[in-house]
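Take a look at this single chain in structure tokens; it is the form predicted on its own.
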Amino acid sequence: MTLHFAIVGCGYVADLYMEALKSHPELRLQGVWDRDPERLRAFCAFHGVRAYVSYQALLTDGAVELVANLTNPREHFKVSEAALLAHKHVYSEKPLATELPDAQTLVEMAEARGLFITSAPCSVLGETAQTIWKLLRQQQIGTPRLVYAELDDGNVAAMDHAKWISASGAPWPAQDEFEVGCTLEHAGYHLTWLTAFFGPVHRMTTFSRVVQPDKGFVGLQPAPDFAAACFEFGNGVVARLTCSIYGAHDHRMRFFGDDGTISIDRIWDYGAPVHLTRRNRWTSRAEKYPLLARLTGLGPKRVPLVRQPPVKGRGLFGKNGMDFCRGIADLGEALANGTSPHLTARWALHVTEVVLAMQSPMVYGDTREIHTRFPPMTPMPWAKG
């Protein structure tokens, strides 16, 4: 079954969705709209897609089943609200909203109308995440107890970001990114994995600061560019996450258990290698001395990734990378089968609450009980066992 959808927001990230769309013949783009006429014109000319004359025209198109909300985070609430009122399903870029009450309103609206609303990121549906989850379920490292996760991108303000231009000519929205904040934009990647594997966060402690106030824009009101948080899950697992656009580039994730360690280096790569290290009395020495690890075979071993079955008419998404359309495709499959998508509204709401609390402890409290809950996600069918 084909899912007919439309895109709202033709900025930098929209080109990444268009690239991923080439690998999803089950998704049919009806058209796009952007409040900036020049941006809309350039996007449509480059991609050869239809432009709606207004957002209202998009919403009144009976062929559109789902709205992909790729607007600025500050616009997420009102754009998604209008789509739900028009009886359209919604897939939103992260976060659902920049205020928790607004995010709750969207979820309750969707539920009351029998609609789906969910949010990026969808990388938990990727091969790397599903492989890690399978190893955890198989107790390949025994009982997992501690997770270290990092999402540091280097000193972005000092980089030549003015030259970061998308395929259709949209500049990377630097000022907006700095004002929205890296935590609100990026912490959800790790958090969707953690909550899929271990269930809802029950309690968290967090710290955030603006460590580099001057980022080259007059009148900039920067959000925290560094945040660190510790999470407690109901099963006893503890995780620490750091997120910044100042610290040296680091996208690692490491799971420590009684019998070993699982690790990856690239959270944004759906096909990043997964490494498994068994723990014994020689492991710590092997970790300290790489040559000893190679000679004894005690070092990390690369685990074959589970592979999703290819969609008819295409192969796998290249070398995986970041398949931005996989979440939309998952929602479309749920509509076709009369089931619920793996990325549910209540789950998106939970991640939104945690991310907001992580970025703004001065608002939500530096130690916070997390109250939102969601039904657990099941593994992808191709990653069970």
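A residue's number is simply how far along the shown sequence it sits, counting from 1. Treat the numbers as computed from the prediction; the structure is a model and nothing was measured.
Just so you know, the form predicted in complex with a small molecule exists too; it's not on screen, but the next bit is about it.
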* To do: Sort through Phe256, Tyr246, Trp172, Phe233 and report the residue having a heavy atom within 4.5 Å of the small molecule in the predicted bound form.
  => Trp172
* 4.5 Å heavy atom contact, Ala6 and the small molecule in the predicted bound form -> no
* **Contact of Glu75 with the small molecule in the predicted bound form (heavy atom, 4.5 Å)** => yes
* Asked: Are any of the heavy atoms in Tyr364 no more than 4.5 Å from a heavy atom of the small molecule in the predicted bound form?
  -> no
* If you check in the predicted bound form, is Lys94 within 4.5 Å of the small molecule, heavy atoms only? -> yes
* To do: Work out which of the listed stretches, 354 to 362, 339 to 347, 27 to 35, 56 to 64, brings a heavy atom within 4.5 angstroms of the small molecule in the predicted bound form.
  => 27 to 35
* Asked: Do all of Leu125, Asp323 and Asp330 end up near the small molecule in the predicted bound form, with near meaning a heavy atom within 4.5 Å?
  -> no
